[in-house]
Every structure is written in structure tokens, then in C-alpha cells.
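The chain below stands alone and is given as C-alpha cells, in the form predicted on its own.
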């Protein structure tokens, strides 16, 4: 079904339950609410899952989706069910399924060329690569960071940032970019020994998630299932604050907890036997349970990295691109100096890290290199996403809708205190979560009321709606949650 026919279909199917218009919808022809025709998974989905299971691992499958029939904030399956999607491919869909603006970008001659002639960017960059970067990825670069190294995924972005940190640190120890490697450094690197393979580390935090590749996995501390059986680097883990929520109601207790964590972080920076070259942190720990800290904690981390001459890497893979009501979540902190690197992926639909200090460029070619070094097709898509965000003012929309949704969840927490515990994310757009004593049951029952939602950590229900999520969607979500809490 074509996108136009799809919109007409949903407009017709949902017309009988269309709500009174109180805001201008971004997708006026999307369903007015969930459409439920069968249990989930329904018979057609079961058949498709069985077929896929013969050739692909389906044990982590959430639902079998039909993306050709998904639209706006709604994800469809093979049985005619259409769910309000507040999980959005693990926080990765920015401006809606089958967004017409993205469809135009995807069907442009520029995109076709990028797809079928995919360049090895380090050796054979296309003639307009600088223009693509400047009009897209770099147009929304965090303040003070005017350069980018593009990659393939969030894990890849973090690994590349770690490599940049190690090369920067050793360059400083060596005395500058002009000083060449010694024969001993060259030979020892080939046997994975120091000094060529230096005894350095990246410091991360308890419950952190930075990816599943080898380097990033050594900084991931969220769940054992990610790490079991995989050799890991001997890198330090500092405590991430275990705060009480709402943060502002427990300011004194949280400040003491954050100072405890900062003190231990500094001790590890000074004493760990493989000295850290960088500290990496998520603005909000996502996979590890939606854990928050105050801006003062992150300001304290920045001060420590400055004091001890190491780098500050902010992992914005999940928090970036408007989800918290600011384009980059670290903008909430009010830092005096920007992070050294900010990694990104997910809603950007491409990946990489921003940086501002040219010393973070390796002193020789091929040190930070792979065949693709990113993907112009995905960079073109991110440019279209940015245009759509600006056209519809979606970052501000997310801030406003997030406040509305949070207030609705506060009311539910008052009515169902055993169901909504430790509600958090106030003032952080729609980046909202709470703890549930029956979390997995809530996630399963959500589909029966027409909502696709996800979890994080051991007990948290996490909301990750798209930037086009509006107040009328929030009302539908709140109504669905109340049905679950009553059951």
C-alpha cells in the first residue's frame, strides 16, 4: 500500500473514534488510536515468526512488524493490529514511521547515488561529502564541537572515541604530534605489549551501557548477559549516583550521594593501575535502568577530567537528537567548557563522535580508519531528519509534551502508588521512566491495550516515544496504562 493510500486507510479506519481536535497533529491522517484485531502475536505473525526462526535467532523478538503499514506514531503487525509505539525501535525512530519528508529524501537521486555507489570515505570520499556534513551532522553539532568522525553504530561511535582518547593521551605523554614512534613502540604493539599497546583505560560507571563491541563492552556494566564469556579489558568502574526521585525533593541526600561518587571517581582516576585516558558517561543511564543525576554531578565530572588532564566523553547515543527536550541532553547541565567528545547514533540514523580539539585527530593517516568510515546515505537521512525537526519545532514539542505526560503520570502515581514507583524524568522531555513491581507483566499487557512500550534495567518501564509524540498521544498512553494498573 502506498504512503498516500496508507494515510487514507487509517483516516477511514479511525474516523469513528477521532478525538476532538485540541492541537494541530503532525500526522493528521495517522490512526486516532490503536487498532486491535487479534491477540499479539496473531496467526499471521506466528507463521512469520516460525519461518524467520528457521534462519534467524528470534529469541529476543518483541513483535513481528509490518513497516509498510506503520505510520507516524503507530507500528503495525501482520494481523491488522496497530499499536501506539512509545518504544520506537529502542529510541531510534525520530520523526515517525513512513515520514513523507524522509521518503522524499530516500527517493532522491542524491540518495540513490549514495546507496549504490557507497564510497570508502577515507580513500574515495564523494565530491559533496563536506556539504552533506556541514548541512546536516555538523549543523546540529554540540556547542564548541565543530568536527566529526562518522561511524556505523552507537557501539562503533564509542569505540572510535575511545581510540581517539588513547592516541591523544599517548601523544601528550610522548611530547606532541611531531614526535614519531620508537622502534620499541612499533614492535611491542604487534605483540600486544606495552609501550606500543599502552596500559591505559577508559573509566565508566556502574549500570552504564556503551555498546556490545569489545572496547565498548568493557565499559558496559548494565547486565551480565551482555558480557558473559567475552574477554574484557581491566578498566575501572566508578559508582553512578543512586539518587532518590523526584530529584528536587531529595536535593540534600542526592547531593551527598553524588559527592560520594565524585570522590570515588577521583580516587580511581588517581590510583587505578591502568590510568584512565578518559571518562565516559551517559547523561541518563538508559539500558541500565533510566538512572538520573543532577547537573552538578556532571559538572563535577567535567571538573575532574580537567583537573587530571583526561578526556570527558559524553555518550549521547540514546539521549541525543531532542529526546530530553533539548537537542543534546548535556545542554541541561550548563557546562562552562564543552565535553571533549560527544558520541551519537539512534535517532540520528547515522553514528559517530563530535569533537572540537584538532589534537584529537591522529597524527598519521590510517590510525582512525575503516573501509566505510560512515555512510553518506545515512548522513543524508539525518539531514532530512534535522530539517523535519526544525520545520515542526519538534525539540520544543518534546519538552512541552514531556511536561504534560509527566504530570499525567504523577496523577497515576498518586492513584496507583504500588504500580508507579520512583517516577523520574521531570524536565527531561519524554525521557521518562518509573519502577514497576510487575514490570514484565506491564510490558506484555500493554500490547493488549494497544501500546508498544519497553523496559530498562531490572524493574523500570521506560518511555521512548518519537519527537512527533503529542498530547493526544499522551492521553491515549495514560488511558492504556490506567487499564493495566486496574487489571
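Residue numbers count along the first chain shown, from 1. For clarity, every value in this text was computed on a predicted model and none was experimentally measured.
What comes next is about the form predicted in complex with another copy of the chain, which is not displayed.
Each of 56, 196 and 232 comes within 4.5 Å of another copy of the chain in the model of the complex, counting any heavy atom.
The contact with another copy of the chain in the model of the complex, taken as any heavy atom within 4.5 Å, belongs to 133 out of 394, 268, 133, 141.
Scanning 97, 240, 328, 312 against another copy of the chain in the model of the complex with a 4.5 Å heavy atom cut-off leaves one residue, 97.
Screening 386 to 394, 150 to 158, 290 to 298, 330 to 338 for residues having heavy atoms within 4.5 Å of another copy of the chain in the model of the complex returns a single hit, 150 to 158.
At least one heavy atom of residue 200 is located within 4.5 Å of another copy of the chain in the model of the complex. Taking the partner from the other structure, another copy of the chain in the model of the complex has no heavy atom within 4.5 Å of any heavy atom of residue 258. Of the heavy atoms in residue 186, some are within 4.5 Å of another copy of the chain in the model of the complex. Among heavy atoms of residue 252, none comes within 4.5 Å of another copy of the chain in the model of the complex.
In sequence order, 114, 115, 116, 117, 118, 119, 120, 121, 122, 123, 124, 125, 126, 127, 129, 130, 131, 133, 134 are the residues of 114 to 134 having a heavy atom within 4.5 Å of another copy of the chain in the model of the complex; the partner itself is omitted from this view.
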